[in-house]
Structures are given as structure tokens and as C-alpha cells.
Ligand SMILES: NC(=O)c1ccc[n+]([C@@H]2O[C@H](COP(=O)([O-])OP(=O)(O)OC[C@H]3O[C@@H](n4cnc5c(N)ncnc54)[C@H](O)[C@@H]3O)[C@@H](O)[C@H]2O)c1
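Next up is one chain by itself, shown in C-alpha cells, the form predicted on its own.
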Amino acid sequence: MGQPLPEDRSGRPVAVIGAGTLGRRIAMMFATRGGTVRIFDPSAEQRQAAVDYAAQALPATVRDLGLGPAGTVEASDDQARAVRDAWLVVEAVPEKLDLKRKVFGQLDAEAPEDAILASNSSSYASRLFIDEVARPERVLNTHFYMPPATNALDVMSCGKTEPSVIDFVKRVFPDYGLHPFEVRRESTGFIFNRIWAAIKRESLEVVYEGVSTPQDVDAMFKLNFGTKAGPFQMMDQVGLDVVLDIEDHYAAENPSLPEGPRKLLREYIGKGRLGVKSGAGFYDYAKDGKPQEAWGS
């Protein structure tokens, strides 16, 4: 018997596990077509920040993407309650493999039988954390970038995902302003992140070697590619601790990668400079989140 699909989604919530930078953005995107999105995080501060972010960003996102009506994002302090009756559960916890294995085992036991269990992992294939999952046919990667501004989505099988689940995600997620692209074979870093990893890593190496500064690299990048932000501003938005977790994963798979990028990231993290979320990373940030001068430049 195949994996049942949640075709009747009316009145059913979406659940997001993890209220960090991306978790709150994912929750907000699934609230762009009405209904309720529940977001769970063990931190009360993170939960409240996620609800506040959604309340602030949702009206403009609905307007700009031509969606609506706006739904609601509500916080939950209990994971099992958050996923109750959900048609979709998106995991957005830190890039720690043991943590993801534990969470997916719990979600498989707690979520409805037809709920799709998706991972927002930016570097781990979902195949690596289905050890405790009884129904891996409903598990897959759905890697988000930085919605609502960047709405591409990598969709990748865990190796046992039913094709109908992947087809369902590709068909339904555009209703929420998202653009799914199928990863056609297992790939660490999926599609675009593999390309981005090379740009990011070389940018870090250039600064580590003393060839340039974060500010100058970003300025040249913006001039040459016409983007609004350069690699160092973008890493600050994601969080340097998250960037380091991803780089550590790549390095574990490929020990020949240069150490300079990870050493530079550790230097900043060791000084409490995690990026926008801490008020300082490669740049110092004003209260409105706009970058000021690059630190150390």
C-alpha cells in the first residue's frame, strides 16, 4: 500500500520544528494562503521572535507575491501538540545529524499517517536521519533558501520517498509562493548550494589569506553580478555558526578542502559575532539590521 497523500488540507495546519532564521521564514510562507502554521522551538524567546517576525512580514509578503488571504503563525511549546493534525511538518533544527535523527524519529511517531515529513537541512541528505523512521516513504529534503526574497526550493528523495510524495510537493508548494526544483540524484548541497558553497568558500579563503576584506569582496561581487548583497552579507544573514556547521560537514566528506575558511569563521564566532542575529558578524549591524562598516576592515 502506497503512502497516503494529504490531498484534503482544509482546516489542517502546517508545523515547523525550529524557530530560527529559516524556520520562522518557512512558517511565514506557509501562512500566505490562510490557515494556521504552528512553530515549535524549545526556546520561548525564539518562539516569540518567530511569531513577531511573521506578524511583521506576512502582510507585505502576501501583497508582493499576490497570495492571500493571510493566515496565522502561532507558537507551541510542545512538539507533539504542534504536529497534531498537520498535513506537512518541516524540520528546521540546527545542522546536527544526531539531533535530526532524534527529531525525525519523534515526528514519525507523532505526526498523522498522511503527513509529509520534510527536512530543511542545507547540507545533509534525508537518507542520513531516517534510522528511527518507520515510514520513510514520506520523508524527503525540502531545502529553502531565504524566503520571501529567495523562494527557490531543492526537493530531494531520502532514497525511499514515494514518487507521488515528490510530485505532490512540486504541485502544491507553488501555491505558497515557492518554486520547487527536483534534485534528480543524491547530492550533498543539492543544486544551487553546491555552487554557492564554492563561491562562499573562496570568498572566505581570500579574506583569510589577507588578500582582501569582507567589505571589498562584497562591493566587487555586487558590482560584477548586480546583486543587492555580497557573500559576506549573505553569510551574516544565515548565521556564521550555521555556515560553519555546513562547512564542517563538507570538510568531513572532503578532507582536502582548505582549512582557512573554517578558521576565519571560528575567529568571528569566538568573539560572539554570529551575524545579523547577534548584531555583529563580518559587519556591525544597526538596530534595523542594515550593515555598517565591515569589522576589522
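All residue numbers are counted from 1 along the displayed sequence. All values reported here derive from a predicted model rather than from experimental measurement.
The form predicted in complex with the named molecule exists for this protein as well; it is not shown, and the discussion that follows is about that form.
Checked against the named molecule in the predicted bound form, the candidates G34, G66, P42, G272 yield a single residue with a heavy atom inside 4.5 Å, and that residue is P42. Among heavy atoms of A92, some come within 4.5 Å of the named molecule in the predicted bound form. In the predicted bound form, the named molecule sits within 4.5 Å of a heavy atom of S121. Taking non-hydrogen atoms only, F144 approaches the named molecule to within 4.5 angstroms in the predicted bound form.
Contact check for P13: every heavy atom lies farther than 4.5 Å from the named molecule in the predicted bound form. Partner proximity in the predicted bound form, defined as non-hydrogen atoms within 4.5 angstroms of the named molecule, places exactly one of 53 to 61, 237 to 245, 250 to 258, 264 to 272 at the interface: 237 to 245. Residues of 9 to 37 that come within 4.5 Å of the named molecule in the predicted bound form, judged by any heavy atom, are I17, G18, A19, G20, T21, L22, G23 in sequence order.
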